[in-house]
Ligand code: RIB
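Read the single chain below, which is given as structure tokens and is the form predicted alone.
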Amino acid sequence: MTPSASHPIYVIGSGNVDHIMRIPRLPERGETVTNGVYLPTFGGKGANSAVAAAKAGGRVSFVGCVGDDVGGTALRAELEKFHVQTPHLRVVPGVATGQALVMVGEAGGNYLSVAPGANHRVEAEWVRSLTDRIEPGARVLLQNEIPAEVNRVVLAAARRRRFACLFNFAPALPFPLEDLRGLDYLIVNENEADNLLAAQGHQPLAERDPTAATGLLRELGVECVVLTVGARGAVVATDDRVETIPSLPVKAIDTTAAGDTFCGTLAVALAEGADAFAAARFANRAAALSVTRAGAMISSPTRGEIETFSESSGTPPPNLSNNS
């Protein structure tokens, strides 16, 4: 399936104004590190993933809330610049747009803090009415930076209306495990995986045995688990197959939005008909490219860059065959 023939993608999530400080190394508690470089930009897991998906060729709509401030106006303009559709981006009067403070140190490691602002004003009933109009072939991507009740509403609608749902369980927060039953794709890193395993009554496992961790997570009733394991790549587990997707050799300078890039481009490949394994290989290449650049939203690569990187790395571009 080609990008022009792909199913639509809805990203329901957060959008922020990001304030990024690149510094020689991350500080210890109580320490000041100087000689930083300041980069004002945009982010939020939802907005990052939406832009990554659009740059990779997806037909993307963003669903979320911003404040009636300069940041909200600028964030909408930034999304539209990258061809993300914004008719479902609501303005909440008297509330600030989400804000994020990010410190980036050596090897791309980072500290983040977020003031959610308007992101916590996404309302379940409003999203419920929207999901009633989402076509069965659509792909819907969620994260945990909006109220949990909204995600619960979308998961229930996905089961009822049979559109495919991807849940990036980030950041790791309390969530009713029974609502994950029937989920099409659960995407987690090691910390998020162990958080869910602990809620199931298991010991931390994702770092030392990611394959076993994906098996236990599938017992939640999830069709496919994608566990990203940083520099080691990713593990993809379905009912009949488990595959490790190896990492690609790059020099990381900023890992801030690598996971968001992975999720957005994964959604694109799935919307084009790829199976979970081909989609994860495509997303893995996009995420690897993103860590070689500073910033959050602006770090995600274009479709052409992903495919060129595949060729220059000595491996063919992923085969996004029609498996839908």
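Computed from a predicted model, the values in this text were never measured in an experiment. We number the residues from 1 along the sequence you see.
Keep in mind that the form predicted together with the ligand is missing from the display, and what follows is about it.
The closest non-hydrogen atom of G44 lies within 4.5 Å of the ligand in the predicted complex. Contact annotation: V66 falls outside 4.5 Å of the ligand in the predicted complex, judged by heavy atom distances. For A257, a non-hydrogen atom is located within 4.5 Å of the ligand in the predicted complex, even though that partner is not displayed.
A279 falls outside the set of residues with a heavy atom inside 4.5 Å of the ligand in the predicted complex.
By the 4.5 Å heavy atom rule, the three marked residues I134, A164 and E272 all fail to count as contacting the ligand in the predicted complex. Only one of A296, A286, V268, V60 lies close to the ligand in the predicted complex, with a heavy atom inside 4.5 Å, and it is A296. Contact with the ligand in the predicted complex, judged by any heavy atom within 4.5 Å, is made by just one of A100, V222, V127, L196: A100. In plain terms, the part of the chain that comes close to the ligand in the predicted complex, with a heavy atom within 4.5 Å, is 110 to 118 out of 172 to 180, 110 to 118, 75 to 83, 208 to 216. Looking at 145 to 166, the one residue that comes within 4.5 Å of the ligand in the predicted complex, counting any heavy atom, is E145.
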